[in-house]
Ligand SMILES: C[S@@+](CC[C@H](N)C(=O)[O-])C[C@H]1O[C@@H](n2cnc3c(N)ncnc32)[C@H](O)[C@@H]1O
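This document starts with one chain, in the form predicted on its own, laid out as structure tokens.
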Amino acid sequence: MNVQNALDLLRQTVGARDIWIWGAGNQGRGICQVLRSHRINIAGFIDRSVRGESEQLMGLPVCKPDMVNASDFGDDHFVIIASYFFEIDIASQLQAVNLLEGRDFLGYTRLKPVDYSVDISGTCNLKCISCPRATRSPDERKLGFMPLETFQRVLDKIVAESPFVGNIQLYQWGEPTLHPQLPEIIAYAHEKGVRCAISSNLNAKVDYARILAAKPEWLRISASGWGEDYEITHTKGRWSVFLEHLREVARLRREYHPEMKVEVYYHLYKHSVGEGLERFRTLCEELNLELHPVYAYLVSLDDVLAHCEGHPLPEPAQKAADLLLLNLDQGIDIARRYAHLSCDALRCVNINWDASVSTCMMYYYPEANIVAQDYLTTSLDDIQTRRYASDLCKRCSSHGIHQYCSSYARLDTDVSITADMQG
């Protein structure tokens, strides 16, 4: 379906109703950007992270999910679900109040089947033990930066092949703030009507003012403990440096882009719950940052798949596994409960700093994980065909771990975790 046909169908389905986007994160802001560019008005956002009765984003209200419980909601409103991991859950909530998919709501993937990750930095300043970078030194393919000119060509091709893309993430395995041209990359994306998400460990001594002045739309900050505990799993990181930069980022956000979503992604290990978590909660409230506690897990599926195939974990990964609240086998068991679902990672095309394309964004090592050496000369159709047919994909799904990372995102973490979970 071409762009115009998709827009015509959306207008015909919606009619005179107001359109609400459920999800005020990267995907929601991106689809809002694209629809506005096509003169489709958006009434506002629905998001569970709203703290008061209503907030403002992109000049629109952000309201709590309970607004859909009104008996006549579907008469006046239409919902586009814009959530990467929670589309099924949100759809179930809407169906529970007698709204029908296709008539009263649809997922953003109907307009944009593919998301994109452009890993502009092939290097990182830390050696976190849960990350494959701690397991062995990366090969040369993992050690560079994508030149600005290459990024411009990559983004031009993305927009040409996926015209409903209004957001991309500029990271996967690397630390994007290390890229010397990050502000220029963000600026070019803005020229193309695309909003950018970045992630950071905030340990790099870089010009955060210059980066935030470029107005990235979303910043995820990783942390895993308070004080010296932080340095256990954020290996080679320094707590004092992190804390200084966290306060600086909070200040710069107020100055340059108050609507920027800043999320502290707090990894829950045996050593990072309890008092440390509560102190982090107080700090985030002080700085007006979102705290998102999540169960820690081995972030690369390379080691998880090897474990399923009977191989021992590398020493750093084993150290991380010993600190997990949910051990590796428990995590795999949880993932297998969702094995009937399609793989979320197949919806995201991961383009590496050298313009090669990964089979799967959740695998790090290049062996058997490259489906195209050059994104710029390979069509999206060819890339997706190769990914779905890959041996790596078949091995992963045969063990039911294609839902491993997604299942952790769906876990309802009780942030007042008690000591008996640490046994």
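Keep in mind it's a predicted model, so treat the numbers as computed, not measured. In this text, residue numbers run from 1 along the sequence as written.
Below: the form predicted in complex with the named molecule, not depicted.
*Asks:* If you check in the model of the complex, is H245 within 4.5 Å of the named molecule, heavy atoms only?
*Replies:* Residue-level check for H245: no, no contact with the named molecule.
*Asks:* Using the partner position in the model of the complex, report whether D344 sits within 4.5 Å of the named molecule, counting heavy atoms only.
*Replies:* No.
*Asks:* I'd like to know whether D104 contacts the named molecule in the model of the complex, with contact meaning heavy atoms within 4.5 angstroms.
*Replies:* Taking the distances in the model of the complex, the answer for D104 is no, it never comes within 4.5 Å of the named molecule.
*Asks:* Verify the contact flag for T150: yes if a non-hydrogen atom of it lies within 4.5 Å of a non-hydrogen atom of the named molecule in the model of the complex, no if not.
*Replies:* Taking the distances in the model of the complex, the answer for T150 is no, it never comes within 4.5 Å of the named molecule.
*Asks:* Only one of L111, C131, C348, L99 comes within 4.5 Å of the named molecule in the model of the complex by heavy atoms, so just point that one out.
*Replies:* For this set of options, the contacting one is C131.
*Asks:* Sort through K157, R220, R195, H77 and report the residue having a heavy atom within 4.5 Å of the named molecule in the model of the complex.
*Replies:* The residue in contact is R220.
*Asks:* Select, from the options 335-343, 245-253, 348-356, 170-178, the stretch whose residues sit within 4.5 angstroms of the named molecule in the model of the complex by heavy atom distance.
*Replies:* Selected stretch: 170-178.
*Asks:* Relative to the named molecule in the model of the complex, which residues of 263-278 have a heavy atom no more than 4.5 Å away?
*Replies:* In sequence order, Y265, H267, Y269 come within 4.5 Å of the partner.
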